[in-house]
Ligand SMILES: Cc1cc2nc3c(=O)[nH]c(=O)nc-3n(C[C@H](O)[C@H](O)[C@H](O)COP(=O)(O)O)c2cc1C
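Next up is one chain by itself, shown in structure tokens, the form predicted on its own.
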Amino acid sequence: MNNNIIVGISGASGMVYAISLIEALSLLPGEIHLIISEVALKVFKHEQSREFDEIISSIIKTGKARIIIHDNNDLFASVASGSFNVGGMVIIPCSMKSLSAVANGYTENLIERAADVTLKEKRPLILLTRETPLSLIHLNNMVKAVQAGAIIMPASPGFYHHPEKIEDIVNFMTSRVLDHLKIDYQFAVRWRGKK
């Protein structure tokens, strides 16, 4: 199991999902290679009422994982190469723009390049899409991304675990992402069958 994971944060609503995943990964030994777009930084501040750096700094202080932040414009970063060994990548939340780039092999920035490399190396690429309703263009891009090897995971949590607060709903999605990365997670949310 390779706990070195690339986390791309694109400019869709749902920054709470990114924070939850980073917090979960930070509890494990390994590396988190973090890339955030300029638009995502603005959405982050709007939704969280705090700066991205402030939240990441607090996670770094309490976690086990090493967090490496890459500039989204740095196409010479380590994660831009298939020879760089990681266990997979998650774009969380994944905007429809980022989905389109992945589906069509367009690599203008590091998030898109790292995703393209992840696919060509046959590593897990999870796109936690955050949009509703979906147009035919969005759906066609999802099909193309899946055909290329990506996993489309809409931010569509289940409720069979009887969530009591927003964190319970968010943790459901975090658990599903980690399952698809084949990473054991102590707070995994699973259906246990009806008794």
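A residue's number is simply how far along the shown sequence it sits, counting from 1. All values derive from a computational prediction rather than experimental measurement.
Same protein, other form: the form predicted together with this ligand, not shown, and the subject of what follows.
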| item | value |
| --- | --- |
| Thr107 within 4.5 Å of this ligand in the predicted bound form, heavy atoms | no |
| Residue contact check: Val39 to this ligand in the predicted bound form, 4.5 Å heavy atom | yes |
| Contact of Ala80 with this ligand in the predicted bound form (heavy atom, 4.5 Å) | no |
| Contact flag, Leu119 vs this ligand in the predicted bound form, heavy atom cut 4.5 Å | no |
| Among 140-148, 54-62, 160-168, 124-132, the region lying within 4.5 Å of this ligand in the predicted bound form by heavy atom distance | 124-132 |
| All of Asn3, Leu28 and Met89 with a heavy atom within 4.5 Å of this ligand in the predicted bound form | no |
| Residues in 94-123 with any heavy atom within 4.5 Å of this ligand in the predicted bound form | Ser95, Met96, Lys97, Ser98, Asn109 |
